[in-house]
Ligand code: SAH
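The chain below stands alone, shown as structure tokens; this is the form predicted alone.
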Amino acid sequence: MDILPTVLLKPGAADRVVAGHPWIYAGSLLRLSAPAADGALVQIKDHRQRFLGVGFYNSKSKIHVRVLDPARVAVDVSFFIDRVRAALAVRQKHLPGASSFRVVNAESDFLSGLIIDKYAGVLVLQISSLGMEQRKPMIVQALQSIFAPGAIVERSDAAFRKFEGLPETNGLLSGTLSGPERIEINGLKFDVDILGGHKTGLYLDQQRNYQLVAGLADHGQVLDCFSFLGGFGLHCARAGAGHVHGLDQSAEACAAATRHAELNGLAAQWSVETANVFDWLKARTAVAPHEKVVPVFDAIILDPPSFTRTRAAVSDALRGYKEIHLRALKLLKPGGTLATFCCSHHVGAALFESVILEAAFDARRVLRRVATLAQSPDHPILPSVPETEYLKGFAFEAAR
């Protein structure tokens, strides 16, 4: 292996790396032993010259080094084959039988800057670091070797690529793709628009929660807020809910959810409405003075997009979370189930639950917590890397 440029860290900066966090910010660097090209592999040492690992260097990014391994490894096709196979083994252990899932979840799988999703026979890449971008041909070769997929698609169109000095890009990298890919999630069929859908095509991080929530909301009238392609609602309908009404502001998503209901033989139990969820809930909980809202739903699911991408906007996000829970709780029958989620990394589980309880207090409801929920195991959480944990959720029963 060639001698690599060395990144020396400032005193005290090594502890985070030793603990397993892969991000080294510019402020932690003491100096470089020799000039390093952006995207190059470098070795990392503490201020006493003790070896810590290797990683990708990028002077244009706030994250100057993304650690790949605590050993001196060669980053070639074999490296990516081994690393992807290790990640795949985790999924096969925790999601046995699943045919669509996240294969690689960046930092969670020691491949910072790389996401790989599997939708049946199609793989989707999302690259967010310069080092990974420069090694894209190696990654594609490794994926072809392991999966022999019908197509490999890139969806690196996320805005955060600009922080690495990278343009947004997407398109077909190999194989052929003639239209939506039909997949199965827990036995339900969905058609995924790989090239034009949201994120890499579909949200895969709720795969296990779909079943868990459906088991709690398996009867009566269910309201599925932010229903998107019908993931939660259709699982509830299959589990035995009398009727599920979905809400989403995207007319395209609502139409897709209806197609999925028909595809799975659940159309008789499903309806959907294109609406702003906040406005819809507000309109149905507005009453005259001294009147009470009549609760009509046996279960309500709240799975909104992130209300904040930054720490500075957390207070505004909390007001939004409180408002939506206050309105929802007024429409929930006594004994009914509220399943609710927050996908903002900046709002922790304890803070999220406290906002829900504040809303319950204002709504004069008492909640019984029956489940604590998290992202599916194909999105692993490393406690030493807090950024890997973003999705948190709870299921409550309305005790009164």
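The numbering used is simple: start at 1 and walk along the sequence shown. Bear in mind that the values here come from a model prediction, so they are computed numbers and not experimental data.
One more form of this protein, predicted together with the ligand, exists but is not displayed; see below.
Asker: Which residue among F147, F163, F79, F278 has a heavy atom within 4.5 angstroms of the ligand in the model of the complex?
Answerer: When the ligand is considered in the model of the complex, the option within 4.5 Å is F278.
Asker: Which residue, Y210, F101, F110, Y321, is the contact with the ligand in the model of the complex, using a 4.5 Å heavy atom cutoff?
Answerer: Contact residue from the list: Y210.
Asker: With the partner removed from view, which of 298 to 306, 238 to 246, 170 to 178, 258 to 266 is the stretch that lies within 4.5 Å of the ligand in the model of the complex, judged by heavy atom distances?
Answerer: Stretch 298 to 306 is the one.
Asker: Within 4.5 Å of the ligand in the model of the complex, do we find a heavy atom from each of Q206, F226 and S250?
Answerer: Judged in the model of the complex, Q206, F226 and S250 all sit within 4.5 Å of the ligand.
Asker: Any chance F232 has a heavy atom within 4.5 Å of the ligand in the model of the complex?
Answerer: Within the cut-off, so yes.
Asker: Note that the ligand is not shown here; using its position in the model of the complex, name the residues of 168 to 187 with a heavy atom within 4.5 Å of it, in sequence order.
Answerer: Nothing in the stretch sits within 4.5 Å of the partner.
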